[in-house]
Ligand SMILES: Cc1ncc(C[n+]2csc(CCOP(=O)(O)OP(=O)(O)O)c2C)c(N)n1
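The form predicted alone is given below as one chain in structure tokens.
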Amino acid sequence: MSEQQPTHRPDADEPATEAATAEEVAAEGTPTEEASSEDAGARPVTTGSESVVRALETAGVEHLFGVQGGAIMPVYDALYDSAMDHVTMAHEQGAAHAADAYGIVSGDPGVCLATSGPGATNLVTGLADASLDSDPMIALTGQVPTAMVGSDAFQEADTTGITSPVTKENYFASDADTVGDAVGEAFALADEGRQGPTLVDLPKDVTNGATDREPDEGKTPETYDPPERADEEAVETAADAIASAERPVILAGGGVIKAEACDDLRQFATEYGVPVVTTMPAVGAFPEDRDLAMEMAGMHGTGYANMAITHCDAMFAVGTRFDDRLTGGVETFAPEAEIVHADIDPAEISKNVHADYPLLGDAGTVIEQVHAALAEERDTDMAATGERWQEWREQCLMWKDEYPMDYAAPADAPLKPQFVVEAVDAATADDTIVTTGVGQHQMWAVQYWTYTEPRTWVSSHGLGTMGYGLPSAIGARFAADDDQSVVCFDGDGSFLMTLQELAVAVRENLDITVFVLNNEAVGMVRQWQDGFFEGRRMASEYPWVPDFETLAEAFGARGYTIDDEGEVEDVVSEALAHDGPSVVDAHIDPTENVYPMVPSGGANGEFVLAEDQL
């Protein structure tokens, strides 16, 4: 790629010279707030930090989330002249979660920045979260000058060493001429194949270093070659196994959404009438208001989803890593099923659950391949098979009737959290984005909201990070369409961990509504203590929590409190109508627990519906 020759653009207050023609002035145009390659290319690259910024602009980045500091300061200085929008977060962990959520909602890597030492280490939880959930994200961290690395300098930490286990790849930038290339490659690698977080560590002498070299357009290393299409013979064999089944299910994992394969999934399931079970990261991949939707399986999945998994004889699993919260005891997972496992990452094949028919490739492409293989039998065997599966579909519907997602709500009982979730769902559009922290509130939010669209459920799955909800709502808000609503369900314990990010929501005037399902406890811990530790509630109950309505108002947000069911409709309506951040402190029944529940390591089909069944 040839080097781009910089051209001079006058500042906004610089008068045009007499030599400038009207056409030239018109060609300059009016500066816009959106980043563009033309604007980026008009500014010359003179330093490593400017090369970093140019690489981000070339990649099409529009928003960045970060916290300023000494070692990253040259990069921030270069951002001063960029059209990219930087959002200053209250804490680096918040920046990582915001970038993570931005990637989930937009499908493109989110970007976060932090300085060296504590700034970089504060990103680690967010990086680990994105790594376990395969979320696209790139982190840029400042570092002490190269000559001081290893000297225990002020705010020095071995960032690449610390983050190596929780990133898809990380880089230590070595010179100003190539630092932009490293950033471009890291961005591309975060996005392609199995998505995940990457990191570039930026020593201050590199970002301050002189260079006039334009970075190459970002691309992955030549050695990185994720599979696109599965082996055709393997596809034929897998399709035969599905066609021969009496009780097939599709298990859709988060990879279906990340591969933009939801339409392929919906077409496949609908055409052949195959019930669909989802993992938690795949919530929204298949509309939950359809008869074929068995919804989420696993520890707190629906009873009917877990029954479908337990009794199926063939499972077409796509883009899932079969984590323990899904499978329970691996030896009892889908005990009668032959497993067709499609995944882009060969490391996941037979890692946790043995794959009888492994298919390596992109989720959407593999679904299309299996669909086509079955279509060849459409006029004969598949027609008979579709009729044969009718009895299985009826059985799945019977399980929906037998194990409905309902809850007891006596007239004199305290406010039920499920009722709050259902009320917010009823008051919002189908494309509303829901973010959560981690705990009981997370499970109620996924169980009692009907998800019909992908990229509307944003949560921490593998790492289970309390405090994820509010900063992820900020990232989701920047990625969402202007007419999309963003709501966050949080618990009082989870909200307390990152509530400083409310200052960001107020400063940026973000239209976000937070519902704190307040039971004055770390509820899931308390539930486990009651069920498995003879009710010894050590360090799980809060004898005092703040008044979240007052706290929200102190930040400059709108605050509300709900104490009983009769207040819910009006408060929900008013909070959602407020144009800006608002917090609703919903005082819920402190004794309410999350069910169904598959005890850890148990069999999916042996879920319990109450504590006395444990």
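Keep in mind the model is a prediction, meaning the values are calculated, not measured. Note that residue numbering begins at 1 and tracks the sequence as displayed.
The same protein also has a form predicted together with this ligand, omitted here; what follows describes it.
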Even though this ligand is not shown here, does it sit in the model of the complex so that 466, 522 and 525 each have a heavy atom within 4.5 Å?
yes
Here the chain is shown alone; which of 362, 492, 92, 129 has a heavy atom within 4.5 Å of this ligand in the model of the complex?
492
Find the only residue in 439, 203, 196, 275 having a heavy atom within 4.5 Å of this ligand in the model of the complex.
439
I'd like to check something about residue 497: if you look in the model of the complex, is any of its heavy atoms closer than or equal to 4.5 Å to a heavy atom of this ligand?
yes
In terms of non-hydrogen atoms within 4.5 angstroms, which of the given stretches 148-156, 294-302, 431-439, 162-170 touches this ligand in the model of the complex?
431-439
